[in-house]
Each structure stands twice: as structure tokens, then as C-alpha cells.
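What follows is a single chain, given as C-alpha cells, in the form predicted on its own.
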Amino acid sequence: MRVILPAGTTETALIDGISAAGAAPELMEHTPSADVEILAYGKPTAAPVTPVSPNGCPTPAAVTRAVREEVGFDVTVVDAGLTRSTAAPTVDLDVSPGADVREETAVPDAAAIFDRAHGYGSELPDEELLIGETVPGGTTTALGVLTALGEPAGVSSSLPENPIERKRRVVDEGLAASGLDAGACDGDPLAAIEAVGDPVQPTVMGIAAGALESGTEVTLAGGTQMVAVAALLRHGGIDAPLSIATTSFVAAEQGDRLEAACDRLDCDLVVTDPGFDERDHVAMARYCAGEAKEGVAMGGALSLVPDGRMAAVRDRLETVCARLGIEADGPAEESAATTGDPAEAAAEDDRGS
């Protein structure tokens, strides 16, 4: 199994109150780069931050890495608009970071990104793919494209309290700046991304479309951000079988809305409970309390764990956490957490679903 992880950034994450990572932008820009280094190497190597919240909740990359160490899968990272470089090997599709959705155009080259990503996806030799994402501000841009497409709009958050009304106001401002009403992009997904999306969206959409059209089975690994990608694919005329794999944390927050969205978009839904409530460890406790929930292909990776092996994954997560400076009762030392303002915590950064 191959996990493909497009990683990028959008200036939307810098909007006050939208992303908890926006308090120190010079650090937040490193979050996706750190995520992919954790997935590739088990810890950040070049990135100057370790994405751990002050409460001891690690980035979902730690969970995905734990699954990788225990179960094993191949990883390909795609640069989908990184602001900062990463030491992890990446596929370069010539994607630039996204603009603030409140500007007239958020992703001016959405169609060109899609075309390049489509070509890449169509040439992949794998029979099955899991496609994830890491992009701060991603649930707000997901709300943007869902609204522009006229889809019932609701997204999750990596914060325990979802600032959904603030996100809706931002999206309304973005649509107005683009001269669009809600639903104006029905059947025109690339126009929706161009107006109020982020560069990771056309990258994931293009890779998925190219792979599906070549006969590869595709699972979108994530929560409501991947619901948005599924909507983009369906509005783009891609009707091939498609699955969404997410965590029990997203499913608990979204309730029936998640199942209804997947039914509407004709997607199979896979929800995996990692059993974090069975351990007395701060990282797992914070997930159970509503932090992070999803991101960095976490739900898709967990879906790969065979029956009877989840306890071993939890053991491995404790090992990964220790490597990141998080002991069972909290971060081992201040330097283990993301430096700067406490709000800079990557596990609370609006990146995930």
C-alpha cells in the first residue's frame, strides 16, 4: 500500500481566529514540512519545530508514523505549495502556496495544478492508494469549496471547540471578493478552488482523478477536508468508486452529517477507532478530548491496521511520542513543544478535519 501525502500552505491560515497556528506565522509555515519529516523519518530533521500542543497532543503525523512503523507502507510526499523546504523527499509539481481566500483569487493556477497532478496520478503503478493531506487552514478552505459548489456545508476542526461561524464569515467574505454566490460553482470545481480553496485541493483532486481513471482504487484519507475533495471530484464528473477513511474522533464530532455527506457523494465510509481511551497517556487522552482528530492521512493509516494489532500501534505511538519529547504525563521539556506562542501548537492548527 502506498500513502501519498500532498503538503502545502495557504495564507488563509493567518486569519485571526481561524488557525491556532497563526499566532506565529514564521513557525506555522514549518508545520507541514515537520509533518512530512515525522512521517518519513520518525521526527523532524530540518524543520525547526516539533508539532506538539502545550497540552501534549502531537500532530496526527505521529499516529500515522506509528502505524507505518508497526504495519509498514510506502510513503510519497508531494509538494503542494510548501512555504518552507523539507528534508523529506518530495515530488515537485510546481505548486505555489495559496493566497487568503478573502482575496479575489485564492489559487490562480488551480486548473494547471490539477492537470499536472492528474498526469502524475495516472502514471502511478499502484493498485491501491491512500491519499492524505497536511495544510494549515484546510478546514476553512474545505468549507469554502463546499459552499461554492452548493454542497451542504459543515466541516470539522482540530480544535476542541470548532470556530465554524468565524469560518463561515471568512468564506462569505471570500465569495463576495470573487463576485460569487453560494452554489455559483456547481459543476465547476476548479472555479471553486480558484476562488476560495487552497493548492492542496487541486493536487489531491488531480492525483485521485488520474489514478481512478487508470483503474487504481483510491481512498481519501481524512475527514471533512476529504469530503470536500470528494465533492470536487463528483462535480468534476468523476463517478468512479471512492472511499473516505477517517477516525472515530471526526465521526463523533460530525455525527450523522458525515454519513449523509458520504451517501450524497456516493463514497464508502470507513471509520476506525484506535482505542486511545484504553491508555493512560497524555497524547491519546488529548485526542479523546477532541484535539487534532485527523490529518496527515491518520484515519487512512489506522484503517490499514489488521485485527488484533491496534494495541501494538498504541505501544508504538508511545515510542514515537517519547522520540518527540512527550512523556506519558505530558511534554518532557518545553523545547519538545512547538516554540513560540502556545497557540502555535500544530496539533491545534486547523490543519486537520
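Counting begins at 1, following the sequence as shown. Note that the structure is a prediction, hence the values are computed from the model and not measured.
Below, we turn to the form predicted together with a further copy of the same chain, even though it does not appear here.
- Contact check for D74: a non-hydrogen atom falls within 4.5 Å of a further copy of the same chain in the model of the complex.
- The shortest heavy atom separation between R314 and a further copy of the same chain in the model of the complex exceeds 4.5 Å.
- T83 falls outside the set of residues with a heavy atom inside 4.5 Å of a further copy of the same chain in the model of the complex.
- Put simply, A285 is far from a further copy of the same chain in the model of the complex: not one heavy atom of it is within 4.5 Å.
- Exactly one of the stretches 241-249, 117-125, 222-230, 100-108 approaches a further copy of the same chain in the model of the complex with heavy atoms within 4.5 Å, and it is 117-125.
- Of the candidates P152, P89, G275, G187, P89 is the one whose heavy atoms come within 4.5 Å of a further copy of the same chain in the model of the complex; the others do not.
- The contact residue chosen from L27, V305, A40, A328 relative to a further copy of the same chain in the model of the complex is A40, the criterion being a non-hydrogen atom within 4.5 angstroms.
- Taken together, T216, R234 and R264 are entirely out of contact with a further copy of the same chain in the model of the complex: none brings a heavy atom within 4.5 Å.
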